[in-house]
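Presented as structure tokens, the chain that follows is alone, the form predicted on its own.
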Amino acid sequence: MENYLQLKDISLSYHTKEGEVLALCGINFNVEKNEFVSIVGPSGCGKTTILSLIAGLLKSTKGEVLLDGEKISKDTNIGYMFQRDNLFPWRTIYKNVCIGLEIKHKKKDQQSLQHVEDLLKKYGLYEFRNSYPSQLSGGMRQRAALIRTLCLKPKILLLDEPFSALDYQTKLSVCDDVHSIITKEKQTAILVTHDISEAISVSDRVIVLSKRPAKVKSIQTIDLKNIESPLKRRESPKFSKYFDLIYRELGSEK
């Protein structure tokens, strides 16, 4: 299905002591089902604000956000991964992963619990289900955080710089892991990142924003689908061409 997610002429203003500030101006883009899209742009341009609008946490001043043909609301089933894994240190990995089910009052739903176990087994965390977060590596913790989100079967997954707190080597490995899981689960995903290389390595398309008030400067299609691993994509001759193109876009004032 085309245009699974639609942002239509989105603008957002907020008020400060100095007056009204325009943060987003006429944002338009679509995301297809099962597509992986990244958003890049200058610091402070409003990338995370766009995720908050898609999640229904903020309301736009103008325009509308549609998911599967319906307006986004706080009740829309949307998954959100933050910069840190936010696992509770006093809960086991299994209990951390199940916390969404507890909040949704599905803790006794056997089908949901079986889905949790299946995900833990499928992605190598089942044997660590009774361990605590402090006993796991940073990469395994992020995998647990992703499984916690996926066990609720969200309609779309939003990722807000989920690898930024990791060291470079771990970041590359975890990026591969997360991309593999999202692809295998056929999950529609939007990643916000300041890292151009990261965006290119995981995405079907990259949306480039201007400085604030943010507008869509360009949308770049990344033709690397024949290479499954983000790490391997970085070795492709096309990779540097995409990097240079997006880098120039970000540096242009027009």
Partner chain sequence: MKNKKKIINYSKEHQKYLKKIKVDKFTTLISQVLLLVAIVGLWELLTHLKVLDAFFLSSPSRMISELIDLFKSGTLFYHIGITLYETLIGFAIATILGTLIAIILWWSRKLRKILEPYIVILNALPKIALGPVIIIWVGAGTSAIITMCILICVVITTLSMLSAFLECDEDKIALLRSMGANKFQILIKLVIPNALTEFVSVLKINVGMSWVGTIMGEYLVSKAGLGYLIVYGGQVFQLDLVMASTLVLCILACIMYLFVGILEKKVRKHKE
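On a predicted model such as this, the values are computed, not experimentally measured, just so you know. Positions refer to the first chain, counted from 1.
Although it is not shown, the form predicted together with its partner chain is what the next lines describe.
The closest heavy atom approach of Lys184 to its partner chain in the predicted bound form falls outside 4.5 Å.
Its partner chain in the predicted bound form comes within 4.5 Å of no heavy atom belonging to Ile219. Interface residue remark: Ser137 is not counted as part of the site for its partner chain in the predicted bound form, having no heavy atom within 4.5 Å.
Taking the partner from elsewhere, Asn86 is found to have a heavy atom lying within 4.5 Å of its partner chain in the predicted bound form. Among the residues Arg129, Lys155, Arg91, His115, the one placing a heavy atom within 4.5 Å of its partner chain in the predicted bound form is Arg91. The contact with its partner chain in the predicted bound form, taken as any heavy atom within 4.5 Å, belongs to Ile78 out of Ile78, Leu120, Val174, Leu159.
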